[in-house]
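Below sits a lone chain in structure tokens, taken as the form predicted alone.
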Amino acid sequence: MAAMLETDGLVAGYEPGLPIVRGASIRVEPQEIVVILGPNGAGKSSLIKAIAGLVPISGGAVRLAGVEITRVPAHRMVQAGLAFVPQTENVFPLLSVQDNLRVSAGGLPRADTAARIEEMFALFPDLARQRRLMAGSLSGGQRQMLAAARALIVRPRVLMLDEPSAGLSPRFVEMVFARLAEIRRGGVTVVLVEQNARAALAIGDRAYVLVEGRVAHEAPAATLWDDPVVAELYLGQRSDGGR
């Protein structure tokens, strides 16, 4: 059975001849939550941006449900079934919450739009209470939930998020990750780049650790936090306790 999302030896970067992602291979099964971890500068965000068509790819391949999408333009990724939520600039601040969703639902049949917006409000009840507010006036956590709702409204098969907990209070971190777990239960595959390793691993199925643009380690999420290899690669601690 084909993976829902797969990269094979992916090489990508902004400058020709200066790759940030250096041969990364990951595999994400249907309805998994897969977490991408690594130290700052490891290429985590560049990896998922390359998958989403936002960073030039110079080698390797990306496949979605067995179909190669390596050089599908970013604006066509949603049609292919892949949605990406960037860390910043992920909502229209001068539009209301409801209008953000309405704009994002532009690819749906018009008759389905209103019902789909209400489904997003049911999934994110905090947004339902703010539906007429300008998105720019939302808290950081509410913005992240709106960004996720905008991506989900078109029913993608895979949702990728870049640092969704960045800058959020502990309460909103908990809320955002609870919604991601619910999204997975609804049948969506989730790929998550995250610095809050403990929170991400708590909801994840598997995790990859990137170091210098390469996959250095892969393991079930439940075992990764206490793994001495991860302590060395990700947390900068030597597996022998520093001796």
Partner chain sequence: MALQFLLNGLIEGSMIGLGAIGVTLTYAILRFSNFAHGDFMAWGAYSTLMLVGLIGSAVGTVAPIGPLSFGWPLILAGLGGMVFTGCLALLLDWLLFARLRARGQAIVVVMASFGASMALRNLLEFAFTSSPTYFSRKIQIARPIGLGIRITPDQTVLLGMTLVLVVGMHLLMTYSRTGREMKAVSQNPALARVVGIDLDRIVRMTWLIGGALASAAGLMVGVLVQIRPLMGLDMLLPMFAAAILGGIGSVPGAVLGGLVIGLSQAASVQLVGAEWRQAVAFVILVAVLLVRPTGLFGVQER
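Note that this is a predicted model, so its numbers are computed, not measured. Positions refer to the first chain, counted from 1.
Just so it is clear, the following notes concern the form predicted in complex with the partner chain, a form of the same protein that is not shown.
Student: Counting heavy atoms only and using a 4.5 Å cut-off, do A12, G23 and R27 all touch the partner chain in the predicted bound form?
Tutor: Heavy-atom distance to the partner chain in the predicted bound form: none of the three under 4.5 Å.
Student: Look at the stretches 213-221, 51-59, 194-202, 179-187 and give the one with heavy atoms within 4.5 Å of the partner chain in the predicted bound form.
Tutor: Stretch with heavy atoms near the partner: 51-59.
Student: Within 4.5 Å, heavy atoms only, which of L123, L133, A74, A166 is in contact with the partner chain in the predicted bound form?
Tutor: Checking each option against the partner chain in the predicted bound form, the one that comes within 4.5 Å is A74.
Student: Name the residue from V91, L152, V173, V158 that puts a heavy atom within 4.5 Å of the partner chain in the predicted bound form.
Tutor: Exactly one listed residue reaches within 4.5 Å, namely V91.
Student: Look up in the predicted bound form whether V78 has a non-hydrogen atom within 4.5 angstroms of the partner chain, and give yes or no.
Tutor: Looking in the predicted bound form, residue contacts with the partner chain include V78, since a heavy atom lies within 4.5 Å.
Student: Wondering, does G140 line up within 4.5 Å of the partner chain in the predicted bound form on heavy atoms?
Tutor: G140 lies outside the contact set for the partner chain.
Student: Answer yes if any heavy atom of A128 is within 4.5 Å of a heavy atom of the partner chain in the predicted bound form; otherwise answer no.
Tutor: Answer no; every heavy atom of A128 is more than 4.5 Å from the partner chain in the predicted bound form.
Student: Tell me, yes or no, whether D99 is in contact with the partner chain in the predicted bound form, where a contact means a heavy atom of each within 4.5 Å.
Tutor: Answer yes; at least one heavy atom of D99 falls within 4.5 Å of the partner chain in the predicted bound form.
Student: Even though the chain is shown alone, can you say which residues of 94-109 have a heavy atom within 4.5 Å of the partner chain in the predicted bound form?
Tutor: Residues within 4.5 Å: L94, L95, D99, R102, V103, S104, G106.
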